[in-house]
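Before any questions on binding or motion, here is one chain by itself as structure tokens, the form predicted alone.
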């Protein structure tokens, strides 16, 4: 499994890939936050904040931050007044988030595609830099739709391939040469950062993601490109009754 570091959809039998991804994330926790900031030149901080420009007011509302990592987005949700549940399948990530006091609501270790919550529970669901780590993406979309209340929103922040050809070439070189080298040297986990770079290049196209979200019931799917199109924020809704 470690030889297959590209993104591939596997809704029927994703467990081997998920075990590989969980072990990988558990292994990079000590340098995870630092490298997020370094490798994005600090832009990841602003991308997370920009999510709140495109979603409804969440003060006092139940929100779930899926694939929360060490909790940077969870903390922003908490500061905005949401009643936050932070979910990740990496215990090491959750422990780091608690240590740095970013996870101030309920923390849950669980599979993002089989969430232990009742249907129609949350007003908002977010997932930052996590959706391309879910091989069974169809299962995820269906389950997040299930746990959202009618009228609820899903906010996705993800690294993507720029549409501009010149930026795309620079970005491709960065992913192929710079990101794995810097990430591997700093973390000591070269395979992990080769994987993270490769999944950006092989994740589903934005147009296909829109089709998938709409297929499972989401409405008003809107993309908000970030920083020359190297990242995007996607906001969509579960229609109100």
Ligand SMILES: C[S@@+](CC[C@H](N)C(=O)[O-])C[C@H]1O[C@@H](n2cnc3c(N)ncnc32)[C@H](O)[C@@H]1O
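It should be emphasised that the depicted structure is a prediction, and the values quoted were computed from it without experimental measurement. Residue numbers count along the first chain shown, from 1.
One more form of this protein, predicted in complex with the ligand, exists but is not displayed; see below.
Annotation: in the model of the complex, residues 36, 93 and 130 each come within 4.5 Å of the ligand through at least one heavy atom. Not displayed here, the ligand is approached by residue 21 to within 4.5 Å at the level of heavy atoms in the model of the complex. Residue contact with the ligand in the model of the complex: residue 47 places no heavy atom within 4.5 Å of it. The ligand is not shown here, and in the model of the complex it never comes within 4.5 Å of any heavy atom of residue 183. Residue 77 falls outside the set of residues with a heavy atom inside 4.5 Å of the ligand in the model of the complex. Only one of 124, 103, 82, 112 comes within 4.5 Å of the ligand in the model of the complex through a heavy atom, and that residue is 112.
Residue-level contacts in the model of the complex: of 209, 67, 58, 197, one residue has a heavy atom within 4.5 Å of the ligand, and it is 67. In short, of 163-171, 145-153, 116-124, 132-140 it is 132-140 that has heavy atoms within 4.5 Å of the ligand in the model of the complex.
Taking a 4.5 Å heavy atom cutoff to the ligand in the model of the complex, the contacting residues in 75-106 are 87, 88, 89, 90, 93.
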